[in-house]
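So this one's two forms of a single chain, laid out as structure tokens and tagged structure 1 and structure 2.
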Structure 1
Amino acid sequence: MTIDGRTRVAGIIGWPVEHSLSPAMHNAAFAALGLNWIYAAFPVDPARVPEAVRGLAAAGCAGLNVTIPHKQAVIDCCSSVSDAVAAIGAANTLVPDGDGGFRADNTDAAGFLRALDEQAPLDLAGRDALVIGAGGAARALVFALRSRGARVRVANRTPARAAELGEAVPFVPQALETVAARSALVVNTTSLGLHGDAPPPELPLAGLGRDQVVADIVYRPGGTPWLAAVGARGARTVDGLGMLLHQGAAAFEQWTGHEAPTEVMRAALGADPPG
């Protein structure tokens, strides 16, 4: 594709941002649909977020993703926020508002639900769900699971943060195993499991098995040892790439108005086709 005077520019802001997989995913999607768009990564110093968002809006940027650590800071730079952003308190997608600014949305929650529906569908209405962690990602997850009618419990190393999000569960192995064992869905949103070859001892394992769905939103090539161990015990598993893919697809659709070519985007992420 030729970059010319009509090329629309989208991108991602973060700090750091050079390891983001989003440019590969979105540029593959633009190419597949023959759209004259490009997607770039913009490293934005935390002290300069308002300048960067307003400057990109002024320059006609056609869509932005937002990653750590800017997901909260961008909200005040936008002209309006979606219901999801208002509930979650974090934004990952900015869409031109037609009036020279951006409106803020959060597609992490919808992205997680799409990944769940694709990889391990289950009816959450009236069922117990356990979210481990209470950071920005956990807030999106709690919102998503409540929207499906789940009763959400939250376990976090710092208990006060868990209590802000839902019914708190002590972050000690025995309590976690007990609550995990009676939950239809267990999700790890912490960075535990990002490193090392063995499942982290803090995460539940013995209480998990068949008839349960377990998700790890940590993304790691080849999957996390915890998810592999849980899968070996018979649980259905949902990995972090699915959420990354589907939050991106939902953003793409808002920016371009086209249905996202999810299989092209999945391949660009190096993920296996579903099923």
Structure 2
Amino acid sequence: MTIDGRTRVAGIIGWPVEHSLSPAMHNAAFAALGLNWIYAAFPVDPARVPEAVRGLAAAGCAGLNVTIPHKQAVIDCCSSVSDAVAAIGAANTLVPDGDGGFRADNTDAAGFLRALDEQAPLDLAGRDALVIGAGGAARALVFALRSRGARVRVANRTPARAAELGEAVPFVPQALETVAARSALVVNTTSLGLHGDAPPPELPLAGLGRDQVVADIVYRPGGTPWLAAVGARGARTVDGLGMLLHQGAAAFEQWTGHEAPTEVMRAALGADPPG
């Protein structure tokens, strides 16, 4: 494609953001539909989030994704919020409001549920779910799981943050293993597992096995070592690429007004097809 004066620019802000696969996914989608758009990654220091959001809006940015650690900080920078953001308290998608600013939305919750339904369908009504972490993504997942009727417990290094989202679980191995063993679904929303070749010792493993679903929103081609380890114990697994795909597709459709070419986006991520 040729970048010219009519090219629309979208992107993602985070800190760090260099590892993001969103540029590859969205640029493949723009190319597939013949749209004169580009998508870039913007590393934004946490101390400069408000001025970055205002500056990108003023420059005519056509849409933004938001990743760690800015999902809560961006809310106060927006002219309005969706019902999902109001309920979750975190945003991952910013859409131009038509008046020089952005409105905030959250597509993480729906994206996670779509990935779960594709990779490991599970009836959560009345069943226990353990969410590890209490950041912006965790807030979205707690909202999503409760919408399916799950009883949600949350483990975080800072107990007060866990208690804001659900029944707090001590972030110590014995407590995590005990609660994980009786949970139908266990989800890691922390960055543990982003690097390294072995399952992080902080995450539960011994208590996990058959008749359970384990998800990791950390995305690495082929899955994380933790997911591989729990999969070897018989659990069904959901990798972070599925959530990344479906939250991104929802954002794409809001920005462009076009149906997202999800299979093109899936291929750009190197994700396996459903089923």
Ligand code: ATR
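Residue indices: 1-based, along structure 1. These numbers come from a predicted model, not from an experiment.
The first of the two standalone chains is derived from the form predicted together with this ligand. Treating the chain as two rigid bodies that shift between structure 1 and structure 2, T224 and P170 fall into the same rigid part, each C-alpha being assigned to the part whose superposition fits it better.
Between-form comparison between structure 1 and structure 2 gives a rotation of 17° for the smaller rigid part, taken against the larger part from C-alpha superpositions.
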